[in-house]
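Okay, here we've got a single chain as structure tokens, the form predicted alone, with questions on binding and movement later.
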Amino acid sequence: MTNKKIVGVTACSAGIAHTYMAAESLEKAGEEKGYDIKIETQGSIGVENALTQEEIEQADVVILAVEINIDMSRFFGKRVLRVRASEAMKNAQGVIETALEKAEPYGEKGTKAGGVKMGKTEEGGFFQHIMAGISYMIPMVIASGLILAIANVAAFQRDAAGRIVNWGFDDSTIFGELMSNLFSVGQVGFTLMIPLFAGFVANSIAGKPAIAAAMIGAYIANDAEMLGADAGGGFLAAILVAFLVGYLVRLLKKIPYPKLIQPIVPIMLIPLVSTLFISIIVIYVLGNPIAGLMSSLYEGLTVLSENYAAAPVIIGVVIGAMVGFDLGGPVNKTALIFGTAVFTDTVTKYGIEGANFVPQTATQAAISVAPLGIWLASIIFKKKFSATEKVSANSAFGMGIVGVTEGAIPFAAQDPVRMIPAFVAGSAVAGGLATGLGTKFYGGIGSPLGTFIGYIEQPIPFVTWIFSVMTGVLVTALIIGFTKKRVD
């Protein structure tokens, strides 16, 4: 009997942990069954282990463990099963067997592949499109944030107690001029980040013809001078622009154009019409009201933080708990994008001195708590972890120490009743402590290493950040240790 040939693609919303963990699970499960299996990953660094057209044609079935829209044209006519990346991680064996038994040929829109209709936006599609935009935005956020952090090291002068007493660059020296230019480069990244996000949200909705209009519209919506406003519309404006453009382009693509002009429709006609439309709408209708709304929101957050001592702690606790709740899922990503949006939007409006750091600091303080908490629990409560779990806990440490919260997912999937409350509690403690103690996260790694790699302003240099994060880690570890059953 000929071995079954299986090919697949994995791609999570962030393009970091789930993508590769799902691919590894599928490959391992397929090899255990003796199948010939190859999985392509579409992560944050691009396509790896790419499938050839010949491999796709020879395959018995195609498994798509994806959480973003991908190019489906190469799978036309093949039997396809589509699941979430997390499902492939949890039950790769079951996914493979389901694919071999129940996968249906991919063809026109509406074809079912598992529980998902291919080529159509299902319920929850709104968040799927947002996550697609975030996956492209994250590398720019990280790169720009780290460059700003490098420049900030030279810009901030401190007194003997470690408090910032002055901020600025000495352009009279070569080093000072270099740091000033690097700071400008980081600001360019944050300026382009919002249009990039909008472009790929629109791309997720309607494909490549929507990218140009969404990027231009989002840029205009965040250019205070063009709008005649005090500030731009921030992420809210970018989301609104992206969806308006996306669904407009969808409608434009359905028009039965004469064959003579069909070749120029996607590269000229649709981008021109959609860009004109969104530009007029933003400049004359939506731009100012959204800009005013975002200004009020951020001013309100700033007033709360400055006038109520408990406000940063409460915000930090809530944001931290969201980060620990679903480990890279929608709630986690909502907290992440909110923190990033508040930071970048307030930097744009008020400058680095007036930026609101609270939500971003909370997300970064909490992001490594769950995986590091698992690892610490396996060290303190050795008799409650099997040999296999200890190996997984060491892997979780490797991911947690570089700020990847997804390292705790195997444990959450195995025992959610005990693990998730522990993750939420520890993450909330870390977020609340970091913000309550006045820590400001500018850029770097969201783990204890962040105090050395990146730039974090803290009352006691190096110590405050490690104390905040590790207290959350300890809380998670203790809750796990006291609630987890002993292994025989």
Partner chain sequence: MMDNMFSLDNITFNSDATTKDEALKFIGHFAQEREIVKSEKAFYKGLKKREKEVTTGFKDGIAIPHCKNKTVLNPSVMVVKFTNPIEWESMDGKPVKLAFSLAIPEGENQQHLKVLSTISRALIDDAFTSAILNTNDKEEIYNLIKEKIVMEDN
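All values reported here derive from a predicted model rather than from experimental measurement. Numbering follows the first chain given and starts at 1.
Keep in mind that the form predicted together with the partner chain is missing from the display, and what follows is about it.
Quiz item: Exactly one stretch in 244-252, 176-184, 282-290, 86-94 has heavy atoms within 4.5 Å of the partner chain in the model of the complex; which is it?
Solution: Correct option: 86-94.
Quiz item: Applying a 4.5 Å heavy atom distance criterion, does Thr464 contact the partner chain in the model of the complex?
Solution: Contact with the partner chain, no.
Practice problem: Could you confirm whether Asp60 comes within 4.5 Å of the partner chain in the model of the complex, counting heavy atoms only? | Solution: Outside the cut-off, so no.
Exercise. Examine Ser468 and determine whether its closest non-hydrogen atom to the partner chain in the model of the complex is within 4.5 angstroms.
Key: No, Ser468 stays farther than 4.5 Å from the partner chain in the model of the complex.
Quiz item: Counting only non-hydrogen atoms and a 4.5 angstroms cut-off, does Glu27 reach the partner chain in the model of the complex?
Solution: Because a heavy atom of Glu27 falls inside 4.5 Å of the partner chain in the model of the complex, the answer is yes.
Quiz item: Though the partner is not shown here, which residues of 426-447 have a heavy atom within 4.5 Å of the partner chain in the model of the complex?
Solution: If the 4.5 Å heavy-atom criterion is applied to the partner chain in the model of the complex, 426-447 yields nothing.
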